[in-house]
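Just the one chain here, laid out as structure tokens, in the form predicted alone.
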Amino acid sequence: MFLAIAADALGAEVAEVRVEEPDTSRVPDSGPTVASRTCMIVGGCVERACRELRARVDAAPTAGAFRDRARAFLAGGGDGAVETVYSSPPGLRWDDERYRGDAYPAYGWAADVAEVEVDLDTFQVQVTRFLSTVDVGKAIQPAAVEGQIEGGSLQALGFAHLEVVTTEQGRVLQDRMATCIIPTTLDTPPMEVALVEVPYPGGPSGAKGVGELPMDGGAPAVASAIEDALGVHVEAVPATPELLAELWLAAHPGEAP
């Protein structure tokens, strides 16, 4: 993603951009990787730095591809080091001491739909189709963004009806893959992803963060589909067969499914 942002801002080829090995002796603490801030915050800094470098190279009296002009610029004593510091978009204020203000410059939005089948003998749930429409601002790498949405959505489907996590005296009991049931390819339904691109002016090339968003809507979508199938209110996840049987029997005492 950073390579694509840098290449676009420089007017260069992606193959001409190299990422240096991170060195904490030379870079400041940029904070945690949370709230989908990597693309918007770091990507924004990369974009601004590359635009500044391009402006310097463009001002030099040379012609040709960016690589050739950049080499001539540096050979002529040009300064190829650019430093940028993130600043919030105009109108946003955040007080780090009081932890008050505008925590996020923009929000992502998504709509998810799940189709399910429920076995009335076992109350086993199978998600047969999943659709997700996501506001990404601008997809810098559409295939990677779609992959992120599909992967995050599959996590959400596991959270919805498979992954039981319980604790005892502060210890997680499902502490290994043999006891924590996560979805596999056999549990993965056909997925349809639609990207909504309305560029956000505060993000690099208009992009917005999409890291955590796919995890938010999958479980409610599955729970709603199960409610539609069984006619019972799914009040908790994961909606395991045991939970669904309990809810159905409570709603239909003495009846067979």
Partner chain sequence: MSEPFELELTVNGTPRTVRVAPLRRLLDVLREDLALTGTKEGCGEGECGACSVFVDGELVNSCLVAACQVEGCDVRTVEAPDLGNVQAAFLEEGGAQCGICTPGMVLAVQAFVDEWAARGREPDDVELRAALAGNLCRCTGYEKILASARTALRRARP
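Predicted model, so just to flag it, every value in this text is computed and none were measured. Numbering follows the first chain given and starts at 1.
There is another form of the same protein, the form predicted together with its partner chain; it is not shown, and what comes next is about it.
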| query | finding |
| --- | --- |
| Output flag, Ala144, Gly147 and Ile182 jointly within 4.5 Å of its partner chain in the predicted complex, heavy atom basis | yes |
| Interface membership of Pro190, its partner chain in the predicted complex, 4.5 Å heavy atom rule | yes |
| Partner proximity in the predicted complex: Gly151 to its partner chain, non-hydrogen atom cutoff 4.5 Å | yes |
| Close approach of Glu163 to its partner chain in the predicted complex, 4.5 Å, heavy atom | yes |
| Residue contact check: Arg176 to its partner chain in the predicted complex, 4.5 Å heavy atom | yes |
| Contact stretch among 67-75, 166-174, 105-113, 182-190 - heavy atom within 4.5 Å of its partner chain in the predicted complex | 182-190 |
| Single option in Gln155, Gln124, Ser88, Thr133 placed near its partner chain in the predicted complex, where near means a heavy atom within 4.5 Å | Gln155 |
